[in-house]
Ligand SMILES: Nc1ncnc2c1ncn2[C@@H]1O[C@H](COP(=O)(O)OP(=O)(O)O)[C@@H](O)[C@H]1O
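Quick heads-up: it's one chain on its own, the form predicted on its own, in C-alpha cells.
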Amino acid sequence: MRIGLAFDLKADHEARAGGPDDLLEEYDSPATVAAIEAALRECGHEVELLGGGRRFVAALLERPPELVFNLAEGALTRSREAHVPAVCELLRVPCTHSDPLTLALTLDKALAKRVVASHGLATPRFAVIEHTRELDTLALGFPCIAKPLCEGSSIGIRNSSRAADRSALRREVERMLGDYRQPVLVEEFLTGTELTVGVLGSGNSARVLGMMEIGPRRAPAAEFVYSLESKRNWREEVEYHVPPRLPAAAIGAAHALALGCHRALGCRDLSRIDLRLDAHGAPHFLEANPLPGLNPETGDVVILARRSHMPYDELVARVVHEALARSGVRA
C-alpha cells in the first residue's frame, strides 16, 4: 500500500535553536527516517516522505496516502504531538500510533499522572511548579526530581535534576523555568530500578513487547537519573538488561502496571511506558511515550525489541499491522 511518512527533522527547526543545547532533542535524524522508509519498503509498501508542519498538511490535501506512519513531534505548543494525527482525523486518513487526544495528554506529565492515578495505578507524589515561591510550601519528601512539564527525550533533565534538599531543588526549578519557559513537574524520587516497557496494540488486545532495565554503570543505583547526559553517552553511562534483573513478582507487577497505563491513557499501536521501583520494590508510573523514538541504534524501544528477538523491520511492520487492524484497512 502507499504509506506517507510524517516526521520532523532537527534541521527543520534549527531556526528555533539558541537556547539550551537540548531544545531540539526530540526531533529525528535523516538516518531514522531512512531506516523506517527502508523497513516499510522491505514489507512491499510504497513510501512517500511527507515531512511535518505545513508541508505535511499540503501533501495530505494534494494526494493523501492510504496510511500515515507518524513520527512527527510538532512544534511550539504543549499539544504539538497531536498536530499530525489531528490533521489525519480531519481528512479521514488512517494514521499509526495514538490519536490527538492521547498525544496531547501524555506530553503533559502531570495530566498523564492524574489520569493514571484515577485508575488506581501507582505514580510518585508530585506537584506542578509555575513560580519558585511555590517551593516554600512544597509538601513532598526529599529527594525529589524536577522535569520540564511538557517535554520528552529527557529534555531539561540533567544529572543535577535529582535534588536532595530544597535549595538544590530551587536551583533546578529556576534553571528549567528560565530555559524552557514552561511549568516544572517536581515528584518524589524513587530509589529502585528504572524500567522501560514496550507495549504493542490497543485496548484489550494490547500486550507487552518487552521490558528493559536501565542500569547505571557509574552512578549509585539509588541515585541514578536517566538524564540527557546518560542518554547521549549511553554506551559508557548505562547498561541495558532484557529481561530485567528482578524477581518474577516484580516483573509481573511492572508488566501489569505498564499495560494498565497504556490502556488508561488510550495509547494505540505502540507505546513506551517508563516505570521505576520504590525502595520496597513496587513499580510506579513515571511517564508514557505514545510516539517512542525509532532511531535504529539508540531508540530505547528499538533496543528493547532487538534484545527481545524482534528485528527492526519487524517492529516497524508490527506498528503498521496494528494500525491497519485497528482502522479496518486492508493492505
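So that there is no doubt, residue numbering starts at 1 and follows the sequence shown. Predicted, not measured: the structure shown is a model, and the values here were computed from it.
The protein also exists as the form predicted together with the ligand; that form is not presented, and the subsequent description refers to it.
- Put simply, of Glu172, Glu237, Glu187, Asp108 only one has a heavy atom within 4.5 Å of the ligand in the predicted bound form, and it is Glu187.
- Screening Ala112, Met211, Leu200, Ile155 for any heavy atom within 4.5 Å of the ligand in the predicted bound form leaves a single hit, Ile155.
- Residues placing heavy atoms within 4.5 Å of the ligand in the predicted bound form fall in a single listed stretch, namely 271-279, out of 271-279, 46-54, 33-41, 62-70.
- In the predicted bound form, the ligand lies within 4.5 Å of some heavy atom of Leu286.
- Contact annotation: Leu121 falls outside 4.5 Å of the ligand in the predicted bound form, judged by heavy atom distances.
- Although the partner is absent here, Ile145 is a contact residue: one of its heavy atoms lies within 4.5 angstroms of the ligand in the predicted bound form.
- Although the partner is absent from this view, Val225 contacts the ligand in the predicted bound form, with a non-hydrogen atom inside 4.5 angstroms.
- For the candidate spot formed by Asp12, Glu25 and His83, no residue has a non-hydrogen atom within 4.5 angstroms of the ligand in the predicted bound form.
- Of the residues in 194-209, only Glu194 comes within 4.5 Å of the ligand in the predicted bound form through at least one heavy atom.
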